[in-house]
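Take a look at this single chain, the form predicted on its own, given in structure tokens.
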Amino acid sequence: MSDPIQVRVAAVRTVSPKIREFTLEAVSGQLFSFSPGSHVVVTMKGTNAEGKAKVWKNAYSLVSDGFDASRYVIAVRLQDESRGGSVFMHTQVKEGDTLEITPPSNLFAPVWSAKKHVLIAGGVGITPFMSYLPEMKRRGAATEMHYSYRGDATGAYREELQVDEQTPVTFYDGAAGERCDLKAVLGSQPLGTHFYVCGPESLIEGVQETAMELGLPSSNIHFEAFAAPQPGQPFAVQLEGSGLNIQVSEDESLLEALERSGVEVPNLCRGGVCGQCRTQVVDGEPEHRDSFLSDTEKADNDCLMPCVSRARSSSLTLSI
């Protein structure tokens, strides 16, 4: 894994009641330029509700223009059922603080050969598309956006998008009963259009189901959903290679428990979508929560994604 980058919080601003934006600058040296759709993983060191030291690592899309490597900008939504990371960013991080991030990675890059690009965002899912737009303008790419949100709480960057005359944007305020007609949006596009969706799982599934109904190729549907690890029953893990025995608490992921014990596992998204942390299961029954493995692979129960998945059995034995 790449060496972490130390960054200073140069600015903090509220872009909606539940979303805060953070501008990050390198403590020393220069940041890397990045491609549209990239994200970084932010390391947050604090304490949990019991006052014990806790480390969170969350992936956040880069909102800024990748052509400008003088700064990175991320936006963080305060999650209703936060495990602590988004609360930390909203309540503890202030201008002048230092954070640790990974170099940018991209699991959601535009397909530049597409005839047209249709961006479909829900709530904080607008964030990766903010880095799409500058590059699409430079390339003169045919683009349109559909943005659903619920009132002022999650409707970030609307002012910036409303003054963007080059990209048609249709807004849908769920609090006012407005709803995006996915069938009309997907069914009215020319051949060769690629669709990009980021937001709640229900929105992603809605786009996928509508595309299937309309006979659109699945290769033209792209999505990103960083699903934060959800709590669950505690369980034990035995590591066959090292002989370590680790207890995974109800409020930490298996990956976090491994890292806490000094076991490094390759990872990029920490949200169950990239497959980098795929780990072999020797014994026990996993509880699969990822979006990477196929249904057949999940049924085989011989591997899991420790970033989000847990155990149905009281213990697991892993090959590492």
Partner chain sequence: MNASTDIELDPAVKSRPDYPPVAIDARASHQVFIAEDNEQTSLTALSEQCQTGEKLSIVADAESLPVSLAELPLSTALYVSGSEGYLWDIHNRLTEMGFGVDKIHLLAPASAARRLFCTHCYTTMEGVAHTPYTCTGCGRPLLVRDHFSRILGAYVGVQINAEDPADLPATESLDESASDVKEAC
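Numbering follows the first chain given and starts at 1. Bear in mind that the values here come from a model prediction, so they are computed numbers and not experimental data.
Omitted from view is the form predicted in complex with the partner chain, to which the following refers.
Enquirer: Partner absent here, but in the predicted bound form, which of 125-133, 164-172, 208-216, 238-246 has residues with a heavy atom within 4.5 Å of the partner chain?
Expert: Result of the contact check: 208-216.
Enquirer: Residue 195: heavy atom within 4.5 Å of the partner chain in the predicted bound form?
Expert: Output for residue 195 is yes: heavy atoms within 4.5 Å of the partner chain.
Enquirer: Considering non-hydrogen atoms and a 4.5 Å limit, does the partner chain approach residue 115 in the predicted bound form?
Expert: Flag for residue 115 set to yes.
Enquirer: Does any heavy atom of residue 191 come within 4.5 Å of a heavy atom of the partner chain in the predicted bound form?
Expert: Residue 191: yes, in contact with the partner chain in the predicted bound form.
Enquirer: Contact with the partner chain in the predicted bound form for residue 102, defined as at least one heavy atom pair within 4.5 Å: yes or no?
Expert: Answer no; every heavy atom of residue 102 is more than 4.5 Å from the partner chain in the predicted bound form.
Enquirer: Within 4.5 Å of the partner chain in the predicted bound form, counting any non-hydrogen atom, which residues from 87-104 show up?
Expert: Nothing in the stretch sits within 4.5 Å of the partner.
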